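Presented below, as structure tokens, is a lone chain in the form predicted on its own.
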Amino acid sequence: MKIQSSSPKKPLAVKSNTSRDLVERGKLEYEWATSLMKVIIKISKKYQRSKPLSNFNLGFCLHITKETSVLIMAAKALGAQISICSANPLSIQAEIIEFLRYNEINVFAKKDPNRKEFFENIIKVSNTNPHVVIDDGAELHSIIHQRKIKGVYGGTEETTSGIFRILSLQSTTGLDYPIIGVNNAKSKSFFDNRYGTGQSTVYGVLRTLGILIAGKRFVVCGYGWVGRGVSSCLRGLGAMVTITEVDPIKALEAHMDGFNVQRLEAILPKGDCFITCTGQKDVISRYDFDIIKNGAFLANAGHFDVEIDVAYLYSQDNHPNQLRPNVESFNIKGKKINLIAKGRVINLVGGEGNSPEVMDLSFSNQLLSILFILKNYKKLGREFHQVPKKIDDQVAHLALSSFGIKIDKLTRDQVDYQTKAYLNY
């Protein structure tokens, strides 16, 4: 059986012309992403005959984007029953919702939900009794643990901040099932977090503000993979980039990479735009607003909207000036502070998220990790696991092949030397 085509073979059975238009737009977005996500398509073709996901329910809590639709349709082609909700209320693409629904996917989401609706939809996915939970930020994992949902064989986690929550849960109450940290795979974090989020974050800033990057003082808070990528892209466009860090190794690395490294307090009065990339709360807090530069822009590239103290800004000015879509200007003690996208992830709210090519690597790790869990869940134990190296390397090899790149192999003598080198000492 071939992978399910995105092209309907019958007239669209939809409620209205608006829904029909959204399905068609979603189909085009899906097809565009599919043309650039060659690795996950290769994996799907490999398993399309055996359908290893038949009779399994998968529960997804991801950003509902064109790239996600490729993962969802690949899992469906392998036989899975699927339910999905959104991992972020501001990243939902209405056309992808309608496209997935047309293709018989249970979608619990709508464009621009309020907070109550957002969490109700996550609960609805947990009510489907998924065998595997695929999450981005650990909201679904947390709710399933809180509600003591039974029958979960295992799960995966897509983000750094989500893994922090999983490890915290493991150390306090313990995990109810094994969870693989897909974010930690080298073929994911090295490329998705650095090149993907780096590029899409800067694009989100450009698309939202329309400002000239060159010559401006940008402050990047955090020099993990996301911070590295954002800083590199900004420097490439001529920005003067300062890094703030709490980790001495990462701070030293930023210095060796040629960036200015300072304490946040020292750079607050000088920075034109601040981008948080840490996964931590209150990176820019209420106390920082007293000394921050008048007219500074604040953006967040972390998963949750807690890195900037947005609540304090609204408590001081509950009617900020809407300068343009996704840009609010707060008047705090006579000073203007400009918040982008309400402190939510700028690359998804202000842009289109990460490119299909890098999401191909991430979602290929997801799909292979799902298959690994269903084959090995009885042996994994109720704990956090890294992506198996075999899967990580497989994704990298498939990606190289899709780019038409061939690499060398060790000779037998080199393998023997490598494994027996200790005998020479």
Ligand code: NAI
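Start at 1 and count along the sequence shown; that's the residue number. As the structure is a computational prediction, the values presented were derived from the model and not from experiment.
One more form of this protein should be noted, the form predicted in complex with the named molecule, which is absent from this view; the next part is about it.
Heavy atoms of V246 reach within 4.5 Å of the named molecule in the model of the complex, making it an interface residue. Proximity of I166 to the named molecule in the model of the complex: non-hydrogen atoms within 4.5 Å are absent; the residue sits far from the partner. Y177 falls outside the set of residues with a heavy atom inside 4.5 Å of the named molecule in the model of the complex. Among heavy atoms of G224, some come within 4.5 Å of the named molecule in the model of the complex. Although the partner is absent from the chain shown here, T197, G279 and N354 each have a heavy atom within 4.5 Å of the named molecule in the model of the complex. Only one of 321 to 329, 95 to 103, 119 to 127, 301 to 309 places residue heavy atoms within 4.5 angstroms of the named molecule in the model of the complex, namely 301 to 309. In summary, among the residues R217, R235, K110, K250, the only one with a non-hydrogen atom within 4.5 Å of the named molecule in the model of the complex is K250. Comment: the named molecule is not present in this chain, but in the model of the complex one of S91, T242, S187, N193 has a heavy atom within 4.5 Å of it, namely N193. Residues V345, N347, L348, N354 are the ones in 345 to 371 with at least one heavy atom within 4.5 Å of the named molecule in the model of the complex, listed in sequence order.
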